[in-house]
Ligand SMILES: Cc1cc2nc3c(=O)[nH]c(=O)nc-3n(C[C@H](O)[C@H](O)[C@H](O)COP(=O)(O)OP(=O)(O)OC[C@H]3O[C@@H](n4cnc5c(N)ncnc54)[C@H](O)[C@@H]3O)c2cc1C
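We begin with a single chain expressed as C-alpha cells, specifically the form predicted on its own.
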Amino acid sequence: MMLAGWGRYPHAECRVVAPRSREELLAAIGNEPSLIARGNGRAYGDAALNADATLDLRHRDRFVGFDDATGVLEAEAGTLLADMLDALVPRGWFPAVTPGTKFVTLGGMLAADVHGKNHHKAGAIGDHVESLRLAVADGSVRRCARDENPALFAATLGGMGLTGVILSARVKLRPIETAYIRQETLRARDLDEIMALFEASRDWTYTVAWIDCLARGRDLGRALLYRGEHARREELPDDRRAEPLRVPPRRPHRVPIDFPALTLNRWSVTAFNRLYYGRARPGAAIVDYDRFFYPLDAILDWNRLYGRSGFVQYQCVLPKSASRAGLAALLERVAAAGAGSFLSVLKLLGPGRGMLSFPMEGYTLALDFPADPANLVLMTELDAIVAAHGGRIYLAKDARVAAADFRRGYDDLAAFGAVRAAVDPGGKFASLQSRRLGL
C-alpha cells in the first residue's frame, strides 16, 4: 500500500506485514530480506518506510504488567501512549517524558528516544527505560538494559529501528496527585528575552515556547513561554478536588479535507502569528494535562492543513554556546524567505546520551514548512546554518536532509555503526531514511 509519515511527504509504495503474534513477528524477521518496524505512523518523514517490508506493530499493543508501588509499566511496543494515559493517569501515574502527541507507540517513542518539555530536568524517554526486549536479525530475542547488552541498549534508544524490532519495554512513570498542570504564560519581546526567560525558568519542570518565526528587526524571536508543574490537589478549584485524577473528555475536531496549497502563505501566517501573540494572556491558570501536553491532538488529521503535497517539520538543536547566534541566523533566514510556520516551537534541552539520540545541551527549534520546491531549498540553507553552529537534525522529523549534513551533527556514528554491524551484519533492518543517509 502507499504509505507516508505524518508529514505526508514523501510517499512510498510499501509491502505491509502486520503480525498478530510474537511467532508471526519473529517469522517475518526471518523471512524478509529487508524490513523496518512501524508504529502508528507519527514519524514525520521516511524513517518508518521500507518498500520491501514495513512491519506494522499496532496489533502488538498489550499491557504486560504494572507495579503500582514503583510505577514501572511493562508493555508491548505497539501500545499507544494514549492508552497508557487512559489507564494510568486515574491511578496517579504519568509518563516521566512525553512528546507533543499521545498518538505514538511505546516502541516508536524508544526508537526516536523522544524528549519533551522537561528534557532540561528529566532527560529523554531512554533515561526512564529499565529494560527492553529486542528481536534482532538472526531471529533471537535479546534483553537489553544498562547492565545487559549495554551497547545495544544505547544504540537502540534513538536508533530509529535499525538495530532490530523492539518487542516490549519496562518504563518507569512518575507519581502525580492530579491530572492537572499549574501553567504560567509569559510574553517575550525578542530572542534575547525569551532565552533569558528559559534560563530563569530552569527550576520549572516543564518549559516550552511558541515563537513567531516571521517577526523581524527588533521583534526577531518574539515568543510566548509556557511553563508548568503538576498541580497538587489543594491547588485545584473546589469543583475539581473531589476527582483530582479525572479529566473531562475533550471532543476532538477533524480537518475534513486537504486544504489548498496556497492557504498557508506569508500573509496568512503573519496574520495568525500577530493575532496569536497579541491575544495571549500572561498569567497563571490550571489546565488539564491533555491541553498542556497535547493541544494539537484535539484536531484530528491536522496534517491535512498543508494540502496534498504534505509538509516537512524541520527540527534542529544547537549547542548552548552557539544557540543565540544560530537561532538568530535561522529566524532571519526564515523570515526573509517568508516561509513562516504557525507551528514554531522552541525548547531548552539538557545534556544528551550520544549515538543517534537527538538531544544535546542547548536550544531546539521546530518549524513546519509545506513540502514545495522553494521550501526544500530553504531547508538546505538552514542545514548549513545548523552545521556552522555545531548543531544537528532530528531523525524522527527528517524527510530530506543530505547525508553529509546529517553526519556532521553526530559524533558517535562510528560507535553506532559498530553496534549495528555486530548485531545486523547484513543490514536487514533499513528504511528509506537510513538508505538516504547511508546509515
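Fair warning: this is a prediction, and the values are worked out from it, not measured in the lab. Throughout, we count residues from 1 along the sequence that is shown.
The same protein also has a form predicted in complex with the named molecule, omitted here; what follows describes it.
Annotated contacts: 118, 287 and 360 are all free of the named molecule in the predicted complex [non-hydrogen atom within 4.5 angstroms]. Between the options 326, 99, 352, 126, the residue in contact with the named molecule in the predicted complex by a heavy atom within 4.5 angstroms is 99. Screening 204, 94, 277, 302 for any heavy atom within 4.5 Å of the named molecule in the predicted complex leaves a single hit, 302. Shown alone, this chain has one stretch from 62-70, 42-50, 408-416, 379-387 that lies within 4.5 Å of the named molecule in the predicted complex by heavy atoms: 42-50.
Contact annotation for residue 161: at least one heavy atom lies within 4.5 Å of the named molecule in the predicted complex. Looking at residue 296, you'd find a heavy atom of it within 4.5 angstroms of the named molecule in the predicted complex. Using a 4.5 angstroms limit between non-hydrogen atoms, residue 392 is distant from the named molecule in the predicted complex.
Shown alone here, residue 221 lies farther than 4.5 Å from the named molecule in the predicted complex, counting heavy atoms only. If you take 393-432 and check each residue for a heavy atom within 4.5 Å of the named molecule in the predicted complex, you get 394, 396, 397, in sequence order.
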